[in-house]
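Only one chain comes next, encoded as structure tokens, the form predicted alone.
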């Protein structure tokens, strides 16, 4: 197995040096919300805004043409990373906008009696978008049941798949439990039993380690995949979706404005071909260039070594918390991180509100997230309103786990008065 040095990996992230200069303890365990930004990303964005600050696809002066080339080079980098044609990569403000564009476009073909199946472990963006757009067409929105551990119940899904199903919305990796959906297996089942269904995947938690899946997006039995740069060591404000050309060509745009048209008159407007059709207005140019730099950075990493390191840390944290009976701790999804699972440790402790745990842990420099994680149906599945989540990345170390465990114990002692 290739060795991995998290301390050397930290050198790619200026945040660690900045916190050290400020004399602050810094145990960042909130990468599931947003990863830290890699130095090459910051450099690429600064270079663009310093030297080539211009709009894209419009003017023909030097700076505008250079900006356009850099912007479209980012699309090329994304296409290469995911193994797709460049014309099937649509740049967005993030996963949420991407999923809403997809939901609006596909709902145009829905009618009363059609069914939309939505996995109950989805982020709200892959639930609410279907409730807004598909339900307006009279389609029925039905949740896909989960097992006690929070994984998709494959038997229940198989029973739900019929010719009436037009959409299946999945989360590739749960942002609460870290459980991964086998897209080949689940997608093939859907294709066989509901051949008219389009399969939409929220890839926000999986895109950072896409090389681990050893496949190109078009080779999977899915139709759309969305993700965000800020969970891939990149900037906020930019994301993308991939979609099959034959489906995108029949989708109307969600947003209207500049660039996404072929002609405009009061007699009617013609829409451009994808991906331009779905990129109305001035795009997040600087962020997109940063997105391309982030993916370029990701391409050069040893993802297997990083994932092995991350999962070891997650397993240690989960096992340590679960082994403390006085804490009365629930690890959402269970404490087993041996297979098919990302390093997200979500837990609930009886009598201690997650927000209180996070605020008290912050005093020790431990950054975690407390709340429902935009996954209220999944929280309900576990009989909870909220949980605390420690999400781990390659720059985390055993010292971070020790700091988190000590901070959690100290918070509990204070909250319970023990």
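Numbering follows the first chain given and starts at 1. Model, not experiment: these values are computed from the prediction.
Beyond the structure shown, there is the form predicted in complex with another copy of the chain, which is absent from this document and is the topic of what follows.
The stretch that touches another copy of the chain in the model of the complex, counting heavy atoms within 4.5 Å, is 248 to 256, out of 214 to 222, 248 to 256, 291 to 299, 190 to 198. In the model of the complex, no residue of the candidate spot (10, 330 and 398) has a heavy atom lying within 4.5 Å of another copy of the chain. Taking 243, 239, 234, 203 one by one, only a single residue has any non-hydrogen atom within 4.5 Å of another copy of the chain in the model of the complex, and it is 234. Another copy of the chain is not drawn, but in the model of the complex it has no heavy atom within 4.5 Å of residue 334. Contact annotation for residue 124: at least one heavy atom lies within 4.5 Å of another copy of the chain in the model of the complex. With a 4.5 Å cutoff on heavy atoms, residue 370 counts as touching another copy of the chain in the model of the complex.
In the model of the complex, another copy of the chain sits within 4.5 Å of a heavy atom belonging to residue 285. For the stretch 104 to 130, the set of residues having any non-hydrogen atom within 4.5 angstroms of another copy of the chain in the model of the complex comprises 104, 118, 119, 120, 123, 124, 125, 127, 128, 129, in sequence order.
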